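Coming up, as structure tokens: structure 1 and structure 2, two forms of one and the same protein chain.
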Structure 1
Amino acid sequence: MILTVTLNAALDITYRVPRLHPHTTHRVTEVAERPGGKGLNVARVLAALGHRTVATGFAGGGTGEALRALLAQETAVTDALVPVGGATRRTVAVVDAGTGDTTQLNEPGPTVSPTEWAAFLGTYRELLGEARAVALCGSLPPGVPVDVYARLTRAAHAAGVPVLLDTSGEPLRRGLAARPDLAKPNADELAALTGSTEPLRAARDARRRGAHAVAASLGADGMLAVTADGAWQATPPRRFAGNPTGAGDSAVAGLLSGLVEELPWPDRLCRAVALSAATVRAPAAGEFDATTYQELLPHVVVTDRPAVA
């Protein structure tokens, strides 16, 4: 199975309002809820691709219960979330029906106690015994050590399990030091890490900081990978209008399934880019449109790039 870790899982709530006017009162016309947090998004896409997928991390409180109920109802993902005393955070996306723009409000998440953290590590090590790959995804809740992804990477490597790391800021910086097999930053995260806004240069730099391979998601420009075997850029056949929420998480699922299936790198990138575009095109945020995915896959263009300067 493939394991995904979501330390700061969320109950994602989407509100539709006719028009967002700050400092006034709004009647919400539509409410939608889904299990959220990057690792859970990755897990549901992996499961939809037919991979046996287990999700761990933390869940607690009424919001945690709601998240777990939705996960059980709506996905084939196996729930191995560890109970936590605090309540799972909510994220609220307010969609302005007039402009289509989204205003996002993200709660910080529950504080994790040392005991809860120890319980998680026990579960994680046990799950690694069956895992073919692990994805470490997203932001950290309060109370979790900032070098957590370095620790989880080392534990995975000790168990012989390859690691994909998808996070940002200090947790990314610290995580890279433990040499994950693949890091998946987006262009902004890559620039914040390396100080360079030129993706190829920045991806090479990120590799030097410790990742065996770096796959950078570049929005409409597709995905750029710099690896030990070469560098490639995969580009979708055209631009897609839609909601980019979860597009990066779908790309992670594409890369991870490609790794487990031992696909050549260009094929992994095609899958990631097609899944990403199919997510932008889907009516619900974070879902992917299976037909769009199948149609796009043969039309993604891969070009060689120089792996070193």
Structure 2
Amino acid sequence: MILTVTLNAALDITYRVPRLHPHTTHRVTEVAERPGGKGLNVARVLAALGHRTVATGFAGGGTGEALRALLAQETAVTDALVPVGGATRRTVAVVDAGTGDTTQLNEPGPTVSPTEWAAFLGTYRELLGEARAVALCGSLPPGVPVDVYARLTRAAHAAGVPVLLDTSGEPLRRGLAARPDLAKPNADELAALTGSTEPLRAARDARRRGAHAVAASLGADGMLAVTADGAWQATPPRRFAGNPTGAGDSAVAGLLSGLVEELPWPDRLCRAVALSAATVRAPAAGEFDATTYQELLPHVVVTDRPAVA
């Protein structure tokens, strides 16, 4: 099975309005609720790709109960979330149906106590015994140590399990030092980490900081990967309008499934880019439009890039 970790899970709420105008009242035409946070979105897409998936992290309060009830309806994802006393956060995406633009509002998440953290570590170590790979995803709730992803990476490696790291800021910087098998920042996160706005140079720099490979999401320009075996950029055949929420998480699912299936790097990138674009066309985060994905997959363009300066 593949294990996903979402320490700051969320109940994702998507509102669709005909047109978003500040300082006015809006009539919502569609509402969708999904279990969310990066790792849960990744788990849902992995399950849709046919992989047995277990999701762990934290859930608590009324919001956490609602999240787990929705997750129970998704029989392909096993719930191994650890209870906490605080309430799971909500994230609200407001989609302008006219332009396709999305406004995102993210709550901070519950404070995790030392006892709750210890309970999670026990669950995580137990789940590693069955895992073929693990994805460490997203922001940290209050009370969780900032070097947590470095700790979880080392624990996974001790169990012989490869790690994909998808986070930002100080947790990313510290996590890289534990040498994850793959880091997946977006272009802005990569620039904040390295100080370079040139993606290829920044990806090389991030790899020198410890990651065995770096795959950087470039938005509409696709994805760039720098590895020990080479560097490639995958680009979709055209741009897509829609809700980008969760597109990066679908890309993570594509990369992680490719790792488990031992696909060549260009094939992993094609899958990640096609899934990401197909997610933009889907109505809610953590889903992808299967028809768009199948149509796009053979048309993603992969080009070689220089792996070293």
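None of the values given here were measured: they were computed from a predicted structure. Counting starts at 1 and follows the sequence of structure 1. Here the rigid core means the biggest group of C-alpha atoms that line up within 1.5 Å when the two forms are laid on top of each other.
- Of the two forms shown, the form predicted in complex with another copy of the chain is structure 1.
- Core-superposed comparison between the two structures: the C-alpha position of Gln294 differs by less than 2 Å.
- Val94: CA moves 2 Å or more between the two structures after rigid-core fitting.
- Core-superposed comparison between the two structures: the Cα of Ala32 travels 2 Å or more.
- Core-based superposition between the two structures puts the Cα shift at Arg16 at 3.7 Å.
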